[in-house]
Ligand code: F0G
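Single chain ahead, written as structure tokens, the form predicted alone.
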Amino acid sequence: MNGPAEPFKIKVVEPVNLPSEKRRKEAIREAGFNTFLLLSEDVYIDLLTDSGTSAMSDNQWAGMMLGDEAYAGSKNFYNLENAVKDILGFKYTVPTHQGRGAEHLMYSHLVKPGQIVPRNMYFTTSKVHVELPGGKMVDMIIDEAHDPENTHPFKGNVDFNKLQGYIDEYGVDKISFVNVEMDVNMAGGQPVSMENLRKLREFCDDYKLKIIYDATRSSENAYFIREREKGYENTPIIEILREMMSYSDGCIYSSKKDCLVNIGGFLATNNEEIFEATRSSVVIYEGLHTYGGMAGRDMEAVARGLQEGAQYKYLKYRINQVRYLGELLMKAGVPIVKPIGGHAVFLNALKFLPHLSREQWPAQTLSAAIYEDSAVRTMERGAVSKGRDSQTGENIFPALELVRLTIPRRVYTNTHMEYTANSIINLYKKRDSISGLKMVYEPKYLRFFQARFEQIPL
């Protein structure tokens, strides 16, 4: 099995070190068995996230040298605004420092106390930004998304019976907006079909409901539509993106993923009321409406990266490198989420470590064990990430208890994928010797970032 050929050549390299076995054991214990608390210098291959970890192109770096750092009216903002119009088709753009800044502006404007936000599976920061103004995020994804073994090609799709059920139960006035994530992260990087988006637009029009996308990985979603959906086999990615966006009232976008940059974000819309409200708020929380927390050079890199990230040749390589890692693991019998997603391979921790109870945090345990074995940093996407019920305070144990192996864009070679696969395969062979964890520190919000654990003896 050979990995995909890279459609680029390497100009700059960053030396990395493989810590000794002794140091790895020390490091994970110093970090409280939380990979977010590891020092970067103790990591050999960093698969923690694809957010802000991409390698920028020579074209993007050239654009950085053209940064207009004027406080107001930076030309780089207008380049960004034009890129959003060209690629996504939105008239209005509000820049922010990163995606959660856009979430804050959009969701705090739209969500009122007591309202619900149906979404095709929660995401951590999105859920908090709905809850802070007094709302509640509820799940409307198809049931197949909660089954790691199911091979449905569009597991990110909206279940219209679930959505109708929320309307019947709560009433239309209690629904703030309908939230759709592209290439659903917590489901394993699973896409939404164009047919589903089109039908959702028709459904929401009947009830006069707004649709807001989390478009962070929309280019990767567009690739899957081209690959899997009849009628789009030869359609340019940009045309697919524009059609996707045309079925929404706006989007939030973390540029740190598909825009191939290290920082930045924006929200975009054709709705003038949303634009005016969020443009007024951005000057309070982020910065002036022509920079929104980003330097001019960063906006230029985002503008160019948005265009590069929508290129079919790049996306084909990107998706297939992720697929290569997943196929190496599947061939060895390691349990993963199927089909393999767009930005990451997700290990099924419940099948990997069936001897651990949910209260022993199997995904957190497995992520820590992978680091100790190989200095490969991954992350938990399960009960620790899901958190507690905002009303009862009880832990929520979702159907999916996963470890995410997130592939940074244009950073690692196929040899790095093979090293990672070999480590996990070897760990799987001795999985019965892995002992669970107990949580000993938990912050109030987004606990997976800062929680600390101790090992439970077998």
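The numbering used is simple: start at 1 and walk along the sequence shown. No experiment lies behind these values; they were computed from the predicted model shown.
Keep in mind that the form predicted together with this ligand is not shown, yet the notes after this line are about it.
For Ser51, a non-hydrogen atom is located within 4.5 Å of this ligand in the model of the complex, even though that partner is not displayed. Using a 4.5 angstroms threshold between heavy atoms, Phe123 counts as touching this ligand in the model of the complex.
By the criterion of a heavy atom within 4.5 Å, Thr278 is excluded from the residues contacting this ligand in the model of the complex. Though the partner is left out of this view, Gly326 does not reach within 4.5 Å of this ligand in the model of the complex, counting heavy atoms only. Contact check for Gly99, Lys257 and Arg404: all three have a heavy atom within 4.5 Å of this ligand in the model of the complex. Stretch-level contact analysis of 140-148, 177-185, 356-364, 334-342 against this ligand in the model of the complex, using heavy atoms and a 4.5 Å limit, identifies 177-185.
The single contact residue among Arg318, Lys155, Arg377, Arg381, judged by any heavy atom lying within 4.5 Å of this ligand in the model of the complex, is Arg381. Of the listed positions (Ser248, Asn76, Thr216, Asn221), a single one reaches within 4.5 angstroms of this ligand by any non-hydrogen atom in the model of the complex, namely Thr216.
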